[in-house]
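So this first bit is one chain, no partners, the form predicted alone, shown in C-alpha cells.
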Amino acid sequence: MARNIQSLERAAAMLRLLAGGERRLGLSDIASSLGLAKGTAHGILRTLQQEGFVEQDAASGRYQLGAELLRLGTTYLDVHELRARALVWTDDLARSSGESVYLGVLHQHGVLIVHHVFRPDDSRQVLEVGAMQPLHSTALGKVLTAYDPVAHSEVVEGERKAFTARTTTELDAFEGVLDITRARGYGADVEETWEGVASVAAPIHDRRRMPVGAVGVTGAVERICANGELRPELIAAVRDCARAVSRDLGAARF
C-alpha cells in the first residue's frame, strides 16, 4: 500500500486550519494546533506562501489563505456551473444534430473536455470527459483562442503541430483563421486534427461577457459537411446551444 507524503498531509492540515475559525493565525497558534515544531510549521508556511496559497499580514505576522486558493476554487466552481447549465442544452443538441457533442474549457495548453454527450445511435462510443484537445486545430480550440487572450497567448507562444495536411500552423495564417472565427461567431475543423472527422463549435460567455468555454458537435465529414461546406443547420444549432448556455450563465444579449 502506498504511503502518504507527510509534508503534503501537514500542508493540507494547515490550509484546513486557516480555512476555519479565526481569519488569521500566528505561527505559534498553527504549530500548537497541529502538534508541530515551530521550525517545521514555518518551513511549510513559507512554501505555501511562495506558491500563493497562504499570505502573511505584514503588520501582525499572522497567516491567512492566499489568493491562489481562491482562484483555484473559483475555477472549480465555474467549470461545474458551466457543465450543470449546459446539460439540458447539450442533450438537445445531440438529439437534433444526431452527432456527438463536446463541452470544452481552456486548461493549461489545450482544451479540456468537461462534458461529452454520445451520438444518439447504437454505435460503440468511448466517453472522452477528461481528454485534452489541441487549441490550434480543433473547432473548440479555435473558438477559445479567438475569444480568450490567455488561450491566444498559449497558441502564439507554443508549438502548432501539423496533425494532417490541412492543419494551419503558420502564425499569420492562423491569425486570419481567428479573424474569420470571430466574424462568423463559430469555429470549424474539417480534417485538420483527424482525417475523416469534422466539427463546428461556438463560444459560451458568462455574465461578465468573458469566454468560459465552447460547445461543439463532431462527426464524420460526410455527415457534418455537404458539398464541401459545413451544414448550415448544424452551425445554427451549435450557435443556438451556445447562446442558450450563455443566457443561463447570466450573459446579456444572447
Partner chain sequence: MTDAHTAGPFIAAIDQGTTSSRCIVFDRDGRIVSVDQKEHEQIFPKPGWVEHNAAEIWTNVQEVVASAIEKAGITRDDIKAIGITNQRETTLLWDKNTGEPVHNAIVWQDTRTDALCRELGRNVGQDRFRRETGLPLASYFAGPKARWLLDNVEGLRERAEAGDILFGTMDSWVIWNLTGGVDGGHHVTDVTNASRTLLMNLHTLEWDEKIAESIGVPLAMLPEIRSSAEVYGEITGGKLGDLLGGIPVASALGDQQAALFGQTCFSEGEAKSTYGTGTFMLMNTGDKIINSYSGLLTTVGYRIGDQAPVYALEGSIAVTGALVQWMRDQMGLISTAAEIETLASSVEDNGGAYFVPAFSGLFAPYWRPDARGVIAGLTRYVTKAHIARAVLEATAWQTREISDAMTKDSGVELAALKVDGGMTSNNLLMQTLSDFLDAPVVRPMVAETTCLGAAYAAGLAVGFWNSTDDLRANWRRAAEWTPNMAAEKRDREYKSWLKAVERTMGWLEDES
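Here the structure is a predicted model, which is why all the values come from computation and not from measurement. Positions refer to the first chain, counted from 1.
From this point on, the text means the form predicted together with its partner chain, which you will not see here.
Of the stretches 148-156, 134-142, 120-128, 168-176, only 120-128 has residues with a heavy atom within 4.5 Å of its partner chain in the predicted complex.
At least one heavy atom of residue 94 is located within 4.5 Å of its partner chain in the predicted complex. By the criterion of a heavy atom within 4.5 Å, residue 80 is counted among the residues contacting its partner chain in the predicted complex. Although the partner is absent here, residue 234 is a contact residue: one of its heavy atoms lies within 4.5 angstroms of its partner chain in the predicted complex. Taking the partner from elsewhere, residue 84 is found to have a heavy atom lying within 4.5 Å of its partner chain in the predicted complex. Residues are counted as partner-facing when one of their heavy atoms sits within 4.5 Å of its partner chain in the predicted complex; in 49-66 not one qualifies.
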